[in-house]
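Take a look at this one chain, the form predicted on its own, written out in structure tokens.
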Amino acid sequence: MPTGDTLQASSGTGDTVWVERDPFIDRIPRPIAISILVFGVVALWWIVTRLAIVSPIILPSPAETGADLVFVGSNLTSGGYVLDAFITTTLTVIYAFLIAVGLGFCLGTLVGETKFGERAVMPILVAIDTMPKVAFAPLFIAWLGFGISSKVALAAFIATFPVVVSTAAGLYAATENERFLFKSMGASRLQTLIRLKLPTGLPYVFTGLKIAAVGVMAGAITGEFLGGGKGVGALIRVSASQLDTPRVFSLIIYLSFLGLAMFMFVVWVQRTFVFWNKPDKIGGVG
């Protein structure tokens, strides 16, 4: 007999299939779930500031932050200095992402396709990735100056490694039987790479691209925060030095929209071009 936790479905042949019912929390539509979560965070935020548990200098109230969100939004739409800063940061993020994708894909292919890459290149990349990325910011500034180039370099440096790892993992995704089939049909190494390994590994590659889309945001803002310039990171640094925490919060919130747009763009590209492996979950590989 079926219980409350299962559903009964009948196929055309009369077979009975039992499917586990999703928990109630998993059946809540995404817009409603997001709204509930945001409301809960804002409510807790309001309670903390209302009871003065944290100093308002450190944590502004939701009302103060909301008012500053309106000011920053009006400055963005009117073409003020905030818009100029966002344009600079957006260009930094796009340039760094493209560099990270290109460099990471090439290195990942080298690691996944050759013993030299696996045995020599990958350990060096892992050693470099374990180093604190912020420590490289002064070096990039010294090498490339205080302009956008040093920020692009730092952001690309942070975002490259996930693309390398995901690309190499994707090239390993093809099974031994599939590789043997291509070899028995006389396919060359390049043909096997293009027609088997890359299509099979693209879902893994896009997982790395999603991580890189978030990583370039952190790298760009860190570079602007430490190296000056005209981006949003510089505005955050100035606002923090003036203890203008509502402005810091509002700038961070608008930056999150930019990061979300980058992430969703990668998701859209994956669902459009990797149509044979559309992910069920927004961050999944399958």
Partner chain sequence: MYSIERLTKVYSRNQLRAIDDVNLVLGRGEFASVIGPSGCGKSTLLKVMAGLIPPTSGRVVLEQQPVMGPRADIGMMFQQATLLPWKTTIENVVLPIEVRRGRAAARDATARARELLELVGLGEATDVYPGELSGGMAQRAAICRMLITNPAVLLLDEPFSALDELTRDFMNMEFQRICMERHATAFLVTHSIPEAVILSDRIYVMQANPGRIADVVEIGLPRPRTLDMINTARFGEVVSQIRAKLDREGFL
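The model shown is predicted, which means the values in this text are computed figures rather than measured ones. Numbering follows the first chain given and starts at 1.
Although not depicted, the form predicted in complex with the partner chain is the subject of the following passage.
Heavy atoms of no residue among I25, R30 and S35 are located within 4.5 Å of the partner chain in the model of the complex. Of the candidates Q191, T130, S74, T114, Q191 is the one whose heavy atoms come within 4.5 Å of the partner chain in the model of the complex; the others do not. Checking G145, G79, G186, P138 against the partner chain in the model of the complex, a heavy atom within 4.5 Å turns up for just one residue: G186.
Using a 4.5 angstroms limit between non-hydrogen atoms, R119 is distant from the partner chain in the model of the complex. In the model of the complex, the partner chain lies within 4.5 Å of some heavy atom of F275. The partner chain in the model of the complex is approached by F182, whose closest heavy atom lies within 4.5 angstroms of it. The partner chain in the model of the complex comes within 4.5 Å of a heavy atom belonging to T200.
Stretch-level contact check against the partner chain in the model of the complex with heavy atoms at 4.5 Å: of 120-128, 99-107, 81-89, 171-179, the positive one is 171-179.
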